[in-house]
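There is one chain below, alone, in structure tokens, taken in the form predicted alone.
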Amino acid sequence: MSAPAQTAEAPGAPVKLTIDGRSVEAREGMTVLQAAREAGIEIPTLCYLEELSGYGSCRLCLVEVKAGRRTRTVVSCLYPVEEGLEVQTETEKIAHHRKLILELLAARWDRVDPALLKKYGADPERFAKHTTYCILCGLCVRQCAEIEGKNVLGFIGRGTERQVVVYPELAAKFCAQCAKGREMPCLEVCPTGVITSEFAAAGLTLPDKLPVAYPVCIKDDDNLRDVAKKVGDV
């Protein structure tokens, strides 16, 4: 008996909700962000790309949702649409959160969209500069894993010690193939341009001894030792 023919995935059932007072029709399986964008309602994002899975790290897409009598603040790129859900994208509380998020981002990256800073009254000098340029959005990690299927990039550490690392052995094996004369896909999705292509350009001429994981930024000796210690390479 032959296997049944595969069919295209059926669209989800219709879901009606309101966004900023507008009646919006979405489909089961969509997120609030997707429903809003399909309705032409803009919600700021930084770590979201339609082609990649939701991650919710930048928190810029926070919105307030009301289901029944309960109101909550949620990440719209992850929160699923629900029948009867009421969504507010620009409340005073949301504006306050976005202002703080933008100020924290500006401490790491000095090219945060000036229009967003102005819109939310954010002071880019509020917090001490720690300009790593990497804002830990994870787009490069997800691009490498989900689209390229290579897992050359990853995270190590938690909290303030969290950082993106490249695994040199995998980079030497895959990055040059991935580039193939074009911009590195991980660099294309990086909003700050911090991912270097050094492993694509010189993958086979890397030094003999590198830690299992290598930071994509802050490549000073102390951090290299810290990374090596975290991955058990020393």
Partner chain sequence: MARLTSLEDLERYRQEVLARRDPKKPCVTICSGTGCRAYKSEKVAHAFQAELEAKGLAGKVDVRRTGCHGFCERGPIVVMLPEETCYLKVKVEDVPELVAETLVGGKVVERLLYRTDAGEGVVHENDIPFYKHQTRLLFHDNLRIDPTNLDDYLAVGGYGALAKALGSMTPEQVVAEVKKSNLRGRGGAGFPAGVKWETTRNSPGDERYVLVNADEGDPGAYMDRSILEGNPHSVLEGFIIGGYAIGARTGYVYVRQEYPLAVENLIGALDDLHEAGLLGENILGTGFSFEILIYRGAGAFVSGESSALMSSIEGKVGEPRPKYIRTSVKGLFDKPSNLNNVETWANVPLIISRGAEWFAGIGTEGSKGTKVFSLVGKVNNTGLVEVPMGMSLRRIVFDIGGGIREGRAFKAVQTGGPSGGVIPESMLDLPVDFDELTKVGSMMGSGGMIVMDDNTCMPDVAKYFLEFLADESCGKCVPCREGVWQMLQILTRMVKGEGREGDVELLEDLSTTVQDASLCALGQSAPNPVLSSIHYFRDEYRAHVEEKRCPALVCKALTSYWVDPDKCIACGLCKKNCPVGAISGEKKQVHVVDQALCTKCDTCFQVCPPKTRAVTKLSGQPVPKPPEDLAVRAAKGKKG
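Being a predicted model, the structure only gives us computed values, none of them experimental. Numbering follows the first chain given and starts at 1.
Just so it is clear, the following notes concern the form predicted together with the partner chain, a form of the same protein that is not shown.
Trainee: Report whether the minimum heavy atom distance between residue 59 and the partner chain in the predicted complex is within 4.5 Å.
Mentor: So residue 59 counts as contacting the partner chain.
Trainee: When the contact criterion is heavy atoms within 4.5 Å, does residue 128 count as touching the partner chain in the predicted complex?
Mentor: Heavy-atom contact with the partner chain at 4.5 Å: present for residue 128.
Trainee: How about residue 118 - does it come within 4.5 Å of the partner chain in the predicted complex, if we only consider non-hydrogen atoms?
Mentor: Contact with the partner chain, no.
Trainee: Can you work out whether residue 73 and the partner chain are in contact in the predicted complex, taking contact to mean some heavy atom pair no more than 4.5 Å apart?
Mentor: Output for residue 73 is yes: heavy atoms within 4.5 Å of the partner chain.
Trainee: Pick from 85, 112, 141, 101: which has a non-hydrogen atom within 4.5 Å of the partner chain in the predicted complex?
Mentor: Flagged contact: 101.
Trainee: Any residue of 133-161 with a heavy atom within 4.5 Å of the partner chain in the predicted complex counts; write them all down in order.
Mentor: Going through 133-161 in order - heavy atoms within 4.5 Å of the partner chain in the predicted complex - the hits are 135, 136, 157, 158, 159, 160.
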